[in-house]
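Presented below, as structure tokens, is a lone chain in the form predicted alone.
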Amino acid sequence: MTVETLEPALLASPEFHAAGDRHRLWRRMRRDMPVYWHPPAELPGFWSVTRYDDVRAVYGDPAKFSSADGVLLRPASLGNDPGGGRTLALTDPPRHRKLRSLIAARFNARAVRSMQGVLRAQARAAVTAAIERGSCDFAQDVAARLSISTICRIMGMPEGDFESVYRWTHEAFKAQKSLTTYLPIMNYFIDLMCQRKGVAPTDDVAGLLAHGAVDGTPLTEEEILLNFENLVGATENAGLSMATGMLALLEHPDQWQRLREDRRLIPSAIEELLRWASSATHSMRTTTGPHVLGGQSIAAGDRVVLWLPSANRDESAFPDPDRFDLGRQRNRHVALGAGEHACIGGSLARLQLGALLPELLDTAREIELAGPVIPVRSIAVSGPAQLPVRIMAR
């Protein structure tokens, strides 16, 4: 398929994101049509935004580009996201800041650093189990499980429940169902909420939300449950980032060897792995009034879709952007958002990679693919749904 036949309409196809040359299409769009209108079809009409500076401009202006009507494209037949105006992801300032402040202390750098030993132990257990089996699905057995167990711990769930939560989220993600429509996990969230509301406030995230209030008004039960879903659902991105990072290291053995020889590169490697993975494929906003972006006149109420992997490969922002470089400097990627809606779990995502990479370096003599890589089929997230590998011990 030539560049000319790669039409922007393909961005609405999960199959294209899984198997097509989407970065080639995004390069063309950044050059020729950086803000492009997609007429309504199964999805509502929307503007595609592909350049780094435009993406940051939208992220930086929540007054003009609102999150309250949803941050992901959904079929027009489904209407607006039910979490609109009620969750961390789907609120605007000032409510967003007040809602975020209820749990921010559990995600700040100090709180996350206090989990370093636990995360390293979790990573060690996952890698050791993979070595003992001879092969594993790195996407599920290592990355997804590490991501789920981390948020479960922060939420305050009993450790004995971690495996059930992993199983339910895996089933929902595989079926491409929202967690809000998946009864096993929503029933679990309801039980967790009722348990926390029935006791004195605890300092875990479940307790903070169950007893949380904004401007003196307690959160409703729906708001509590939707925020539980919002936080646990975000683990899909974290797991996919780790799995995509592992695949990138397998595809670029020179960079893996470079990291083996110089662990001082780990901080820059983490940022490059996040940029390269860009597991959140898009983020959507709705304009609150008429606006001009990238030379295009956008009407009030129009949806604006930010293609994050495109922004993270923009030639104007990243020298040689299609080169995977663990020593890359000034790496101001938008893989974890920016502005008011910079991911509350950003420090946590970095710490998870910071626990996993040293464990792999310490434990693994060699890592190799053990079968075909199966990509996620989605326009919202990207990465390996299955990544079979063999990890050989030192």
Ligand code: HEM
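Computed from a prediction, not measured in an experiment: that's the story for all the values here. Sequential numbering from 1, following the sequence displayed.
The same protein also exists as the form predicted together with ligand HEM; that form is not shown, yet it is the one meant from here on.
Within this chain, R196 is remote from the site of ligand HEM in the model of the complex, having no heavy atom within 4.5 Å. Ligand HEM is not drawn, but in the model of the complex it has a heavy atom within 4.5 Å of I151. Among residues of the shown chain, F162 is not one whose heavy atoms approach ligand HEM to within 4.5 Å in the model of the complex. Heavy atoms of N230 reach within 4.5 Å of ligand HEM in the model of the complex, making it an interface residue. By the 4.5 Å heavy atom rule, the three marked residues L6, E15 and V49 all fail to count as contacting ligand HEM in the model of the complex.
Taking a 4.5 Å heavy atom cutoff to ligand HEM in the model of the complex, the contact residue among A238, A311, I185, V142 is A238. Distance criterion of 4.5 Å from any heavy atom to ligand HEM in the model of the complex singles out A342 from the list M33, L369, A342, L361. Comparing 100 to 108, 188 to 196, 173 to 181, 294 to 302 against ligand HEM in the model of the complex, the single stretch with non-hydrogen atoms within 4.5 angstroms of it is 100 to 108. Contacts with ligand HEM in the model of the complex, taken as any heavy atom within 4.5 Å, map within 261 to 287 to L274, S279, A280, S283, R285.
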